[in-house]
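Consider the single chain below, provided in structure tokens and representing the form predicted on its own.
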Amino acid sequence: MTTNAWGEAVGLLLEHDEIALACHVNPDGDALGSMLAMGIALRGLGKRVVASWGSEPFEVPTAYAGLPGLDLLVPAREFPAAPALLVTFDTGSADRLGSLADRVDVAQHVLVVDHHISNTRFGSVNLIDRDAAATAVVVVELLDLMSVELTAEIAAPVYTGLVTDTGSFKYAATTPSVHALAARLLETGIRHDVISRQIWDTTSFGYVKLLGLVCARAVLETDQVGGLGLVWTAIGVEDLDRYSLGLADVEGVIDVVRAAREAEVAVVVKTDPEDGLLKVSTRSKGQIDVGAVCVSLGGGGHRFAAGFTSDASLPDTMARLRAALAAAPHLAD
């Protein structure tokens, strides 16, 4: 990323009065938090802003239902057909925008704000900081360049993006600068305890029941990943229906499965109720680059947290994944 990219990004954001923001389908905390933080900031500058994502049902995940800026959200059908400026967040490729992907081709300008190493650089301006712990970090750097005050209203969604992509500061991406940014966010007066409780410690009883079910069916394969071990489980449409849950509600399952000490890599395979495709989430404890593995399977992500989509059966999908993991080089500790 060049210095010029930062200047071009700031120029686009300051020059346009109407700005359309989008993030990837089934948004996580970083995607939604980054987008809302920028939307709130731009609205404060007098801009007309809408924000969305291209997947149905268009519902804010319960974990993020208390964030400020939700009034900026519009369903995909109400998103501008040909935005003058389209800004995407935490989205590694245009297809990850779902039903909004076609806006990339018709928008006058496309600003891509991201931190994924696998980003395909589909924008006219690509602001991609691969060293950033979260896209929310890139957003703060942009706001600083725009001389936007970091208020509590902006800080809350930024903090959400930061803590979700660092696993509440547990992942390797957590650096001294991450903690420094967290301190800066806390200084605005946000209730970080409330935010964290809503993300990790508040769920429906149905999720608790589903968690027991999918953990009971988890499989441990100690001979896989070159002997480092693989643990995996699957969540079917019938499981989601049984407990009235959506894909966004079960994102935390992999954080439970990955705790198994006998496995270096953890996998959760979820069937999308909308299209029947398999959404495969992977996590590594540090010895395997699952980002590279998932890229080889048509997906993307980070070194230790990544995913891909498969139209094959569950057995065939897992066979492909096992083969890719077996061929993956081991990383130095």
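All figures in this text were calculated on a predicted structure; none of them were measured in a lab. In case it trips you up, residue 1 is the first one in the sequence shown, and so on.
Absent from the display: the form predicted together with a small molecule. The rest refers to it.
Comment: 278-286 is the region of 60-68, 47-55, 32-40, 278-286 lying near the small molecule in the model of the complex, near meaning a non-hydrogen atom within 4.5 Å. Although the partner is absent here, Val265 is not a contact residue: none of its heavy atoms lies within 4.5 angstroms of the small molecule in the model of the complex.
Using a 4.5 angstroms threshold between heavy atoms, Arg258 stays clear of the small molecule in the model of the complex. Interface residue remark: Val269 is not counted as part of the site for the small molecule in the model of the complex, having no heavy atom within 4.5 Å.
Proximity of Ala306 to the small molecule in the model of the complex: non-hydrogen atoms within 4.5 Å are present.
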